[in-house]
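This document opens with one chain alone, in structure tokens, the form predicted on its own.
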Amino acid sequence: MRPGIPASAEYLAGERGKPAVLLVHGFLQTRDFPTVTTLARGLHDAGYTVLSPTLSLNIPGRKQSLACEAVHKHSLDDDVAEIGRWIHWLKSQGHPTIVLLGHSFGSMQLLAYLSAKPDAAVQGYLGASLIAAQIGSTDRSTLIAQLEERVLNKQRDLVNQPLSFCRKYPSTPEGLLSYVRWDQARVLASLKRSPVDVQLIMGDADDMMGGGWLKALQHMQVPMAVVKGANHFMNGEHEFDLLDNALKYLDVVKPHPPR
């Protein structure tokens, strides 16, 4: 991915006539996270090629989930760059049409990729249990200003700040800032401006972002399937609902002319 930072993925080859799926795991997890592995197997059984990388998070050959309390020297820019590298790899294997599928934080990272200059091979986006970057009770504008000042003054000391489900997340100012900037407003705006077709799959019992998040997404009128009774991880019986909704979307993905 970068000098000294190798990364790996699981590649399940499917039928050539179907789009390939790039499947990205959630916050600090790996491709072995149960929601991701179950989804990958189900999609492959239905004939789809699935590439499930483990984002390196700047750790060479990372194979395990990263603890909240670990020193985090990765950034959203690194994540986006790695997503781009895996898309390029899929194309090199002869897959001209690619659909991005993320779970939780992975859905947000894929939106960040789409908000830049996505490859023309990317023809769709599926966001399961989509979230924004949460920072606890901290005032976001104040935190951003503080982090920007640290970056400007080239201060390298780690900042310990709640992020997502982590109560303590020690990170470099640059890395933390890259995630903190992705608040709810930015996620919603990125959905609206997506250069490819969008489909969300959300659980109505998902309390990760609070009750107002689902309503905000519905207000945006983004195409969305709401799974009744499903929590953030869509485990148990809801694994089948997640897979079924993903397959319904993939079944109608047709290649568009190059952007």
Partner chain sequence: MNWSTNIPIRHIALAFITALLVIVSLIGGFSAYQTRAVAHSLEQHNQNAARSELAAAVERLLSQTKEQALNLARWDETRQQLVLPEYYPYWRDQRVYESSMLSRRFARAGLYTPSGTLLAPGSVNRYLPARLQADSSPGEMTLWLANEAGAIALYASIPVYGEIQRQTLLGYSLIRVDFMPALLRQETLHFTHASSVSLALKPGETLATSELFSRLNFKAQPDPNQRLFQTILSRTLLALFVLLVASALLGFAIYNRLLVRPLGQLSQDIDDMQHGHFSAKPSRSHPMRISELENIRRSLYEYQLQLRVLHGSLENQNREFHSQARQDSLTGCHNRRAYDEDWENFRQEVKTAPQGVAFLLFDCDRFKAINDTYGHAKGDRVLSIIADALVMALRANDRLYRLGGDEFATFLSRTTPTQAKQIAQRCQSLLDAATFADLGIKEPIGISIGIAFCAPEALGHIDDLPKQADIAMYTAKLPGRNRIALYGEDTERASQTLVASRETSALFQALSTPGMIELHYQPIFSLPSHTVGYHEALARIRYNGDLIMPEAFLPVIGSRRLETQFDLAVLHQIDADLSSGQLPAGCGVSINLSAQSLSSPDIASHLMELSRHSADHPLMLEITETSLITQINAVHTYLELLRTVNYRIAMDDFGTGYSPLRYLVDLPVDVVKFDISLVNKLGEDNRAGQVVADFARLMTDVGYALVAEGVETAAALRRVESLGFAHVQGYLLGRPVPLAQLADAAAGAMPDANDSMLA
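Note that the structure is a prediction, hence the values are computed from the model and not measured. Positions refer to the first chain, counted from 1.
The form predicted together with the partner chain exists for this protein as well; it is not shown, and the discussion that follows is about that form.
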Name the residue from 205, 220, 46, 67 that puts a heavy atom within 4.5 Å of the partner chain in the model of the complex. 67
Contact residue in the model of the complex, chosen from 175, 118, 170, 124 - any heavy atom within 4.5 Å of the partner chain: 170
Contact of residue 62 with the partner chain in the model of the complex (heavy atom, 4.5 Å): yes
Does residue 58 reach the partner chain in the model of the complex if we count a contact as any heavy atom within 4.5 Å? yes
Using a 4.5 Å heavy atom cut-off, state whether residue 149 contacts the partner chain in the model of the complex. no
Is residue 88 one of the residues lying within 4.5 Å of the partner chain in the model of the complex, judged by heavy atom distances? no
Which of these stretches, 154 to 162, 96 to 104, 124 to 132, 140 to 148, has heavy atoms within 4.5 Å of the partner chain in the model of the complex? 154 to 162
Hey, which residues along 5 to 29 are within 4.5 angstroms of the partner chain in the model of the complex, non-hydrogen atoms only? 5, 6
